[in-house]
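Consider the single chain below, provided in structure tokens and representing the form predicted on its own.
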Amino acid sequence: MVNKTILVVEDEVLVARDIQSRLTRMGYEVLSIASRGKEAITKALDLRPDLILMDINLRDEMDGVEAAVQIRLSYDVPIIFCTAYSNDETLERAKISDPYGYVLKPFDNRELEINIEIALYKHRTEKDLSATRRRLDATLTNVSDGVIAADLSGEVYVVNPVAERITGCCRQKASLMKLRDIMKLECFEPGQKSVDFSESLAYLNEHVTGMRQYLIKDNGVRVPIELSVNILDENLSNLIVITFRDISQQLSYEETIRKNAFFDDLTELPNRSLFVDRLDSSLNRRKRDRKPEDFAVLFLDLDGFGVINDGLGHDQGDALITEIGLRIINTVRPDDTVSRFSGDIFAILLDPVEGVTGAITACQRILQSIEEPIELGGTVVNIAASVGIVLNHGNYRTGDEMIRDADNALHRAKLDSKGGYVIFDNEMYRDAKKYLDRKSGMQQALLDSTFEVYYQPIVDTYTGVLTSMEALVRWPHPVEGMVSPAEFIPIAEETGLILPLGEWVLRSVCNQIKDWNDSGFDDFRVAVNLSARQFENNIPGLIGGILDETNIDHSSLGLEITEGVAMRDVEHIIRMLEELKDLGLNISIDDFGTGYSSLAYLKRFPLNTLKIDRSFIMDITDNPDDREITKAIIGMGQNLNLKVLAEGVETSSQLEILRRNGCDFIQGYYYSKPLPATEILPFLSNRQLIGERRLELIA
């Protein structure tokens, strides 16, 4: 059996490939894929496929409907529209090309196969009808559509088995009846014109194709059918041929498609698409009203949902989401829209609302409802939510703008105080815009390799000789100049850009060490800071690979982690650090004393060095508490056989106290600020030179 050939017209590459893969698995042969209307016409006429799957909305001067019309003018081929749009205007335009099906995205394979088979069969049937007008009874006995043939007086000649089943009228009985008694039809939609076989059939001088009607059986049952009527004008007689099929199952499929397109599978709440549609409708109504009322959008995110989902399992997590959806629905008004926007985020459209007070009141009711205990699988849990609120006073043009600002307000609510709400203001917009600008700028800087690595010397407390350096990433912005790491590093952490940035720093440092080694400088170490996000991946594998690429001595690279990173997932971090230590790397714990690390855990970390945070060094000469804390950290490091490094040293008085208490290494402006690689060369040439350097020389 030769596979049926299909031409796919789709301008989204990934979608086209997915459709091609599906069709191939179904046993069809995809002759080609076209992405533009004119290209579709050319390929259709050249390749002559058995069927065309056509996307309506093509990024071209000619859309799918116009392309379909042009194709069918020259080549009789069934065309099924495959699109994500189902509005009345789109459907009405699609009709002009006499489509053989209309499949809404997203669709399942069975639905698509059924539509293709129906279209292919229907097309073949219609061609057979044209070629075999005088042999209707023999030809139509086994077709899947119901077929009735009659003359213009209504006398019935042919009723095939499918028509018998759909109408409930057997062939023998039908031969004694008029067509009007068998095909009693009602409109399928309000305002639709129906086919009336009770009148003179001579008025049916135009073909009827694909009209949906209700067939009324003798027992009163209404059967939805899709109907086509053709007048066969013969020399000896005129025949009317009616083909129809029961579309009950198809209507069920279409309803399922619509539900999948606009409703969430889990909660059966409106999904993002339907929410946006209703939000746009609210905006459009406000534009038309002379005295528009306010309305509000609330973005709600469950606090700690991930812990519950991971701890109790995804089934209980789904049950929690469903219960929260019900609680919100029962709290708001029937005309308000509650949507499961994504994951554990819900969007609520309050329309109308009495200003800010009304929005806050509704929000408080929702939060109070959510905070009631919930039983999940025998376990009672308490959960809170954070909410971002945006109010429309007529100042928004699109729903996307309101959604953007509600999301920004939610983000602020999550940062400020979980379990509460934040109302959007212009400052949040400015912050969000700056955040996006920073993110975009960092992405471009990574592509252009415009980040730089500076190096701050670390010296022996007693000899003043350079022993190592700390690598610090710097961002010279093309417009703003140097951007503070305190500003861009947190954004890199939050967005995940810290991963490519961290890898770039590691590779840059190792290449710089290699360059210095090749110039005759060695016996020093460069320390690189690692972030928590980097430990989510295989950081030992990454660093090991870079060391192999650059072929430097492993002992010349050091790594620094903060107490916060170390205590995030202790067992996982310890395993990672042990692998890094096995590579021969020196490992320091940075900003020591500011975190919450336990000494019991600290002893288990494979560390070489403790770095005392600069906040203790800053007031060490004037604050007895800071002086005692620093002394205690140095003593603890010595007891654990760790080297101790103080950072932020700026004065000789600070240096003297640290030297007197046994601190091993010093880092700070007293010796040198962070410098570009070229300015470090004098210190590598004469290690003692740094001991002569003073704050006044570099201020």
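A residue's number is simply how far along the shown sequence it sits, counting from 1. Every value quoted in this text rests on a predicted model; they were computed, and no experiment measured them.
The form predicted in complex with a small molecule is left out here; the points below concern that form.
At least one heavy atom of Tyr669 is located within 4.5 Å of the small molecule in the model of the complex. Among residues of the shown chain, Arg474 is one whose heavy atoms approach the small molecule to within 4.5 Å in the model of the complex. For Ser531, a non-hydrogen atom is located within 4.5 Å of the small molecule in the model of the complex, even though that partner is not displayed.
Residue contact with the small molecule in the model of the complex: Leu53 places no heavy atom within 4.5 Å of it. For the options Val422, Val505, Val77, Leu312, the residue carrying a heavy atom within 4.5 angstroms of the small molecule in the model of the complex is Val505. With the partner omitted from this view, the residue of Glu470, Asp351, Asp145, Asp405 that lies near the small molecule in the model of the complex is Glu470 [heavy atom within 4.5 Å].
The candidate spot formed by Ile6, Lys105 and Ile257 lies out of contact with the small molecule in the model of the complex, as no residue has a heavy atom within 4.5 Å of it.
You can rule out all but one of 301-309, 68-76, 485-493, 544-552: in the model of the complex, only 485-493 has residues with a heavy atom within 4.5 Å of the small molecule.
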